[in-house]
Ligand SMILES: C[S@@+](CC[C@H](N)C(=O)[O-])C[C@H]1O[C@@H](n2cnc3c(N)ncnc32)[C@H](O)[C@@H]1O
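First, one chain by itself in structure tokens, the form predicted on its own.
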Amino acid sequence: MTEGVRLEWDGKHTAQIEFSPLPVLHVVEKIGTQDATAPNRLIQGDNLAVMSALLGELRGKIDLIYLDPPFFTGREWKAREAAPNEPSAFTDSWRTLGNYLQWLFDRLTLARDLLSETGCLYLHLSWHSVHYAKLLLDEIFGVERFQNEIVWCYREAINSKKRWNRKHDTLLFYTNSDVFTFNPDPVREPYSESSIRKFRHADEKGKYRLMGRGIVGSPLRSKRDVAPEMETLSPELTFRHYLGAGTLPLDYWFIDIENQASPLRTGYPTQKPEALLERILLASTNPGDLVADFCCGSGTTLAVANRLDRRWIGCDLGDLAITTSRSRLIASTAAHFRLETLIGNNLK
């Protein structure tokens, strides 16, 4: 943890992260064949107690945690908003902001303890609470462990005439140390046609631009598109800049939501697109790594991890979330996991 600015609220207390007696996880169902030493797991129960129950087994062993918790919207989320009698998917209503922040503080503290030394955390929130969460994460992980604020931009109905329409979420990316996985190549963006046209020359290695080296005092210093004859006249002052596989990744992403026309849409109200989680997992994990989502909702993280050959743990309290995730995973090819429930939940 770090010294410096801390967020305070009425009733703030040290994170409740371990229970006595310890909650127990009970296997309900096994689906598919799997390695008994490292099974994929879908767990129903309060995530604080579940994470605490996993500490003895998995402290310091999870490579990536993606958390998409309630956003402090004050809403009750139903599977179908147009159906008033539809059961709730989950309730995002809190007595006070302090209650919400303590809820988040407890779970983020446990997430840090479960992460490996080189592990990564992505916390997905919106304008409702992300600015408070940044201070919580600074306190728990340390300011120096903050890596990125990522803006996910999406398109959906645009109705507000009172203010700028809010069409983005924010992901806060923290790591457990200064050594962590980041794979830029799988998440490069394609070059635009206008950028490609700038690479006017080609050799056996591919297209390139002739550039001036950044040598102090050079007449060609850092110049772009140097005349070809300068490569012969002053080879020590020039170099060939080759067209790569795409631009290096940026901290703003344009990814469509799973709208009503998407074949991947499950009906879960806060479903996140597979393209979003694929980008996170490709960049911050490797095949065989262990990924956890303790607010798994519709199961997007689990489905993508399964497809990308990552091991996974998913957890949610709601019946709709577990039913949706289970059905989605069974429908995918080569899915294997065990379904567990939490008993001995001693949350106060």
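These numbers were taken from a predicted model, which means no experiment stands behind them. Start at 1 and count along the sequence shown; that's the residue number.
Although it is not shown, the form predicted in complex with the ligand is what the next lines describe.
The ligand in the model of the complex reached by all of F90, R107 and F294, non-hydrogen atom within 4.5 Å: Heavy-atom distance to the ligand in the model of the complex: all three under 4.5 Å.
Quick check for you: of 23-31, 61-69, 305-313, 281-289, which stretch puts a non-hydrogen atom within 4.5 Å of the ligand in the model of the complex? Answer to the contact question: 61-69.
S234 near the ligand in the model of the complex, any heavy atom under 4.5 Å? Contact with the ligand, no.
If we define contact as a non-hydrogen atom of the residue within 4.5 angstroms of the partner, is F173 a contact of the ligand in the model of the complex? F173: no, not in contact with the ligand in the model of the complex.
How about T73: is it within 4.5 Å of the ligand in the model of the complex, going by heavy atoms? No, T73 sits far enough from the ligand in the model of the complex that none of its heavy atoms falls within 4.5 Å.
Find out whether any non-hydrogen atom of S129 is located within 4.5 angstroms of the ligand in the model of the complex, and reply yes or no. No.
Which pick from T118, N148, T270, S218 sits with a heavy atom within 4.5 Å of the ligand in the model of the complex? Looking at the other structure, the residue within range turns out to be T270.
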